[in-house]
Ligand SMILES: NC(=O)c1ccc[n+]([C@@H]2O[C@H](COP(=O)([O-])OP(=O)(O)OC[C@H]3O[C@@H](n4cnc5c(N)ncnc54)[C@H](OP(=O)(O)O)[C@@H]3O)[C@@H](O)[C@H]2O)c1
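Just the one chain here, laid out as structure tokens, in the form predicted alone.
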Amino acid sequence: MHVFVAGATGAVGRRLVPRLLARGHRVTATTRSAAKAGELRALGADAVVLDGLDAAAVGQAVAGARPDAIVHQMTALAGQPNLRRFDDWFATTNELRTQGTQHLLAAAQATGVERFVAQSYTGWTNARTGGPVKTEDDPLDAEPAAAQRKTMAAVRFLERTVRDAPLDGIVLRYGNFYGPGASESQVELVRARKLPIIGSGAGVWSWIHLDDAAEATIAALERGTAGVYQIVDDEPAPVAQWLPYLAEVLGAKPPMRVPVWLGRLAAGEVAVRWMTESRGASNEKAKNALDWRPGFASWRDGFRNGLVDAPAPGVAS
């Protein structure tokens, strides 16, 4: 098929484009950077320099390409993570999740596109009540931290808008990314012992390697039906398990432990909730409906063999 990949030079997009081409699909790929457009053309894609918030430009690009499917991977995080000012850090991404989604869907409907796949997220967005692992049918958090309310609203908007659109709308809730292009800042923090376990460290995280996220996206394009799918590995795990393991894999000292009150003082409410109350995600629906399996079934294997620059010192599973 002819696939229009919006945000083709992001973390997932740069892995998705060559895989689509290798499978025989034609790809029109967008980027905000003229320099990166050359990289996309070198891969064999038709490259378009595009601002996803420019409705007219989006409409013109999609109309010119006339694709069979659109993949919405547009994000725009800049600078260092800032959990205290989370909504400010995600401000442009939230615009892309709202306005950008509307622009792409309008262009899709005007051009007769039948399939639309959009990037969403599963993690801190899950309700912090009930069991440790959530399915696609479980509710999102009704009371997010104050610093994340705008971001949660944008996630809800994207998912609702894609699901309600009069086409084959697919939402992929990716777990926490790792791998080259996603792990560097976290690896640096762990090596410097600047990522402590707050309180019990009972918050459950679900991980996904970027390569596995790209493969799941192709599975959704080729075999998925309308709906929401959680794209995570097979082993949701509390911070108190995965963080010490990551430090060991990196050859770093074990992470420090700090009480909740100190974590809140030093890092803010978002960090405390993420470390102590977050819920993981099940991938059963994606595995069954998309006939997809993560190459790194567990973050244990992925951390050992899939991080950007981490040697594999033989840590036991």
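Each residue number is its position in the shown sequence, starting from 1. As the structure is a computational prediction, the values presented were derived from the model and not from experiment.
If you look for the form predicted together with this ligand, you will not find it shown, but the lines that follow are about it.
With a 4.5 Å cutoff on heavy atoms, residue 75 counts as touching this ligand in the predicted complex. Taking non-hydrogen atoms only, residue 176 approaches this ligand to within 4.5 angstroms in the predicted complex.
In the predicted complex, at least one heavy atom of residue 121 sits within 4.5 Å of this ligand. At a distance threshold of 4.5 angstroms between non-hydrogen atoms, residue 65 is out of contact with this ligand in the predicted complex. Of the candidate stretches 281-289, 44-52, 250-258, 266-274, only 44-52 has residues whose heavy atoms lie within 4.5 Å of this ligand in the predicted complex.
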